[in-house]
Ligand SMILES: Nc1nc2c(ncn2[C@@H]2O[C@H](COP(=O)(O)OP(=O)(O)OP(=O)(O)O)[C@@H](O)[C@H]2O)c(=O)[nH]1
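This document opens with one chain alone, in structure tokens, the form predicted on its own.
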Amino acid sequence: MIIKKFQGSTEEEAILAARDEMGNDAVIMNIRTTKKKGLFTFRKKSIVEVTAALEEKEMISPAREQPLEEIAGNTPASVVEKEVFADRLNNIQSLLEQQMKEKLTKETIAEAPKEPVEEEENENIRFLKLIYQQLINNEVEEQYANQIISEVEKHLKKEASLDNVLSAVYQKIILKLGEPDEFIADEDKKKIFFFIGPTGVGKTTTIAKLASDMKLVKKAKIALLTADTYRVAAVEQLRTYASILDIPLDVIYSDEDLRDGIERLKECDLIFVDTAGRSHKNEEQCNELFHLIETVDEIDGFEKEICLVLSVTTKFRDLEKICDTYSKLGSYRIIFTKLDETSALGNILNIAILTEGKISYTTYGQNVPDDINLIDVQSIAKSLLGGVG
């Protein structure tokens, strides 16, 4: 974007000078009236200064970009390699530049500020406002969008380009999401994974997908336990998957059944426990689940891991209450389901910031063993900024 100033004895004269040099596509960004400097200024007529902007056709040369370290402050550059930004942010930059042009075009001369404005700072603010709105449109909570924008703004140089601003926000989002937490099989560290969460989020299907990956790809010794005896279909569904994968499955009805099941499966590396969906509003049901999970603390030889399965389509207000209810269990991993049912992924960032928890996997369909991946934080960040995930 080219920004220049023009002067005239009247607004019309100054605007005409801007149009003559920059063409009819020039956008008037600011108008101010000032006195000429020097002696006897009270005898001299005021002059009108107009600031005009014109969109450049060519992208900013990467050679003139600031070092990423200067833009993102204390953010480590190793998280996202600088040379990768150009390709990944191309679409986002084009989108925001177009939005910027449309926004400025709608401004009339009458609405233009009359007071002098620091041009570089004003441009940064405009960029950040557009990015902020993009985050809100993707259902990032206002408090978290403000937090990200505020942290980035502190480290921005006044002459930062849109590409630099985008890169800083992009990297900040990735840091907020954190490193994905992958399931790892270790013969020396046997683990029991409890899958918990509201009804209908896809816990049973998610277990089948992960069990397939751990058995077929990572060659781990897997076993399944199900405590979801409220739904007959859930037991049969898991039994079908266990038969296909040729892995053991036990149905548990009590704490004692859980102990016995773990004892029978002690040669396995990983045991996945499917639990019945529980409403976070039903305190009695939640306490039953908590008691079942605490039973494992009395069993030697296994470490306990908790996976909270959430649908990305659930309202944030409800997700917030669900996470608060299950916080009594201590730390947990988060698995997000149903990414294929929404185009707004803001809840992933919201929950990552809210819980400071570890986000592991995301699912995006019913196909087993497909439609599941370790969370791609770069893809999520790009999607939140308006790019294609």
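Bear in mind that the values here come from a model prediction, so they are computed numbers and not experimental data. The numbering used is simple: start at 1 and walk along the sequence shown.
FYI, the form predicted in complex with the named molecule isn't displayed, but the following is about it.
Residue contact check for residue 333: none of its heavy atoms lie within 4.5 Å of the named molecule in the model of the complex. The named molecule in the model of the complex comes within 4.5 Å of a heavy atom belonging to residue 204. When the named molecule is considered in the model of the complex, residue 231 lines it closely, a heavy atom lying within 4.5 Å. In the model of the complex, no heavy atom of residue 358 sits within 4.5 Å of the named molecule. Residues with any non-hydrogen atom within 4.5 angstroms of the named molecule in the model of the complex fall in just one of 143-151, 176-184, 195-203, 250-258: 195-203. Applying a 4.5 Å heavy atom cutoff to the named molecule in the model of the complex picks out 337, 338, 340, 341, 363, 364, 365, 366 from 336-369, in order along the sequence.
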